[in-house]
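Below, in structure tokens: the form predicted on its own, a single chain.
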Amino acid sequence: MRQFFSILIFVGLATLVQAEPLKVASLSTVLADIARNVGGDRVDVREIIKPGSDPHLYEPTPGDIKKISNVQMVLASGLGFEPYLDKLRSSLEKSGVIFVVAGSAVKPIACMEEDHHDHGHASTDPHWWHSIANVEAVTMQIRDAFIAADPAGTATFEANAKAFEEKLEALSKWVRIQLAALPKSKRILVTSHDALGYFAKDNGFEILPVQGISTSDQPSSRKVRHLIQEIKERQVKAIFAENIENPKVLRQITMETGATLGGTLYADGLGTGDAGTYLGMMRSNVTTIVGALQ
């Protein structure tokens, strides 16, 4: 009997050890949501970037670095979205933290940026999550990273990833059905900054951004005048603000063009409430776009 109870105690202790979750820090609200879907109870996801904040302007604080140094894995977008990423990596290389960079799993697209002289140059668009196919690829990437870090959770990670992939496939079908209401001539998105390139590529839209690829890129007066003229000539019905941006410049453009503010889009990450998940954020964006441009 004593031996029986000893076995029970040993099994109980082993279960407690296995139940210790994998500690993961996320530099992206989108990646945090994917990680929670794939990891389930086996992963403890800590959001360094919070919903509604501007990740373009974020710089890690000493407190953030301390938090990150206490995890086993860091999820980052890459493709230049986090200018501080290389420095962060080098500061944590001795701690054994694993970095999973989503940009290495997706097919990046180029975009054109303008300097203060209105000269254009090619750059990589880091907003990969606006393509559902990219999110599917990153889901598999995170699944494999979790399995490598926690082999005992393989069955859980594989099942969770498959379930999330099925939700993404259903979302993709829903998006196509919703956008079918918009003819090609109406698929023009005037946005605060150039963040929806992947969405545009997948769904046949043209982007006319006020700012460049980053929210820190301030448009020249010449660019704003050119944009106003193009909106008038192409009879664009609505323009869109973003949840992290002050729409002051957009209001000026609406006054001069007659276009309306079509609503708020989530461009640089997730929001709160219904837009607090990737699926909800995409549904919110598509519903807003279709409703304003129809």
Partner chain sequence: MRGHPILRLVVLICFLTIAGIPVYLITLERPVGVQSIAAPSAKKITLYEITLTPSTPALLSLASVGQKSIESLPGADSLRATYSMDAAKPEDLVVKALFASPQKNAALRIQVQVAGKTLTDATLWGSETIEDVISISVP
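Residue numbers count along the first chain shown, from 1. Since the structure is predicted, the reported quantities are computational estimates derived from the model, not experimental observations.
What comes next is about the form predicted in complex with the partner chain, which does not appear here.
| query | Are all three of K50, H56 and L79 close to the partner chain in the model of the complex, meaning a heavy atom of each within 4.5 Å? | reply | Judged in the model of the complex, none of K50, H56 and L79 sits within 4.5 Å of the partner chain.
**Study point:** Residue (of L182, I109, V97, A137) lying close to the partner chain in the model of the complex, criterion heavy atoms within 4.5 Å
**Key:** Of the listed residues, the single hit is L182.
Considering H226, K67, R36, R42, which brings a non-hydrogen atom within 4.5 Å of the partner chain in the model of the complex?
-> It is H226 that has a heavy atom within 4.5 Å of the partner.
Location of the partner chain contact in the model of the complex, chosen stretch of 58-66, 227-235, 256-264, 28-36 [non-hydrogen atom, 4.5 Å]: Result for this chain: 227-235.
Is there a heavy atom of A159 no more than 4.5 Å from a heavy atom of the partner chain in the model of the complex? Contact with the partner chain, no.
Query raised in the report: Is there a heavy atom of I207 lying 4.5 Å or less from a heavy atom of the partner chain in the model of the complex?
Result: Taking the distances in the model of the complex, the answer for I207 is yes, it comes within 4.5 Å of the partner chain.
Residue contact check: R222 to the partner chain in the model of the complex, 4.5 Å heavy atom: Because a heavy atom of R222 falls inside 4.5 Å of the partner chain in the model of the complex, the answer is yes.
Exercise. May I ask you to check whether R187 falls inside a 4.5 Å heavy atom distance of the partner chain in the model of the complex?
Key: R187: contacts the partner chain in the model of the complex.
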